[in-house]
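Okay, so here's just one chain, in structure tokens, the form predicted alone.
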């Protein structure tokens, strides 16, 4: 199947994928079930359409898509540093930059990480947490201050009303679009080859998509990014 011709000049994509891990000690950590498949498909779709792609991946076991420059990270702070570095590199050129944040980033991390494995008797029943940086919000604020804000696309993997949460994220974080889905729906949660999503733009428009493969959804997301940049 031939790839449709894109309608815009080549873009530069920075894509995050997978979970992050926040360690309690060298063998225990807080994380989530994200496999990274959605982000890898977005990176693959963007590269297949001739865009330059940097993929910042949390701990996953997926092969790097052809034509994609991959950086592996572990924690939320690692991911933020890698994203800012890639955006700085890409922002120096004339190409429009798109940041697609598909990663399921841990909102919290342990206040302390023990240097050695904690024995059962030494562990406390209450774990003190501190908030991790909000990667999308940080990128929006820093890049806007520098006068080089990329097109920002977020994801909202929710339960209940994902569209309402997507609209909130768009407006509070100044995002161009949020891809929203209800992870409790059959075929739309973590680790599945399919997804059922709604594309929510900052202007309040909502495009509800049927159940489709993550590869097909990724191609749709990339085309939406091209449209937003045209």
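Residue numbers count along the first chain shown, from 1. This is a predicted model, so every value here is computed, not measured.
The form predicted in complex with cytidine-5'-triphosphate is left out here; the points below concern that form.
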### Task
Note which of 169, 44, 51, 37 lies within 4.5 Å of cytidine-5'-triphosphate in the predicted bound form, where distance is taken over heavy atoms; exactly one does.
169
### Query
Can you pick the one in 90, 73, 156, 152 that has a heavy atom within 4.5 Å of cytidine-5'-triphosphate in the predicted bound form?
156
#### Entry: Which of 55-63, 169-177, 23-31, 194-202 sits within 4.5 Å of cytidine-5'-triphosphate in the predicted bound form, heavy atom basis
169-177
### Query
Do residue 98 and cytidine-5'-triphosphate come within 4.5 Å of each other in the predicted bound form, heavy atoms counted?
no
### Message
Can you tell me if residue 140 lies within 4.5 angstroms of cytidine-5'-triphosphate in the predicted bound form, counting non-hydrogen atoms only?
### Response
no
### Message
Can you tell me if residue 110 lies within 4.5 angstroms of cytidine-5'-triphosphate in the predicted bound form, counting non-hydrogen atoms only?
### Response
no
#### Entry: Contact of residue 78 with cytidine-5'-triphosphate in the predicted bound form (heavy atom, 4.5 Å)
no
### Task
For the stretch 73-104, return the residues whose heavy atoms include at least one within 4.5 Å of cytidine-5'-triphosphate in the predicted bound form, in the order they occur.
101, 102, 103
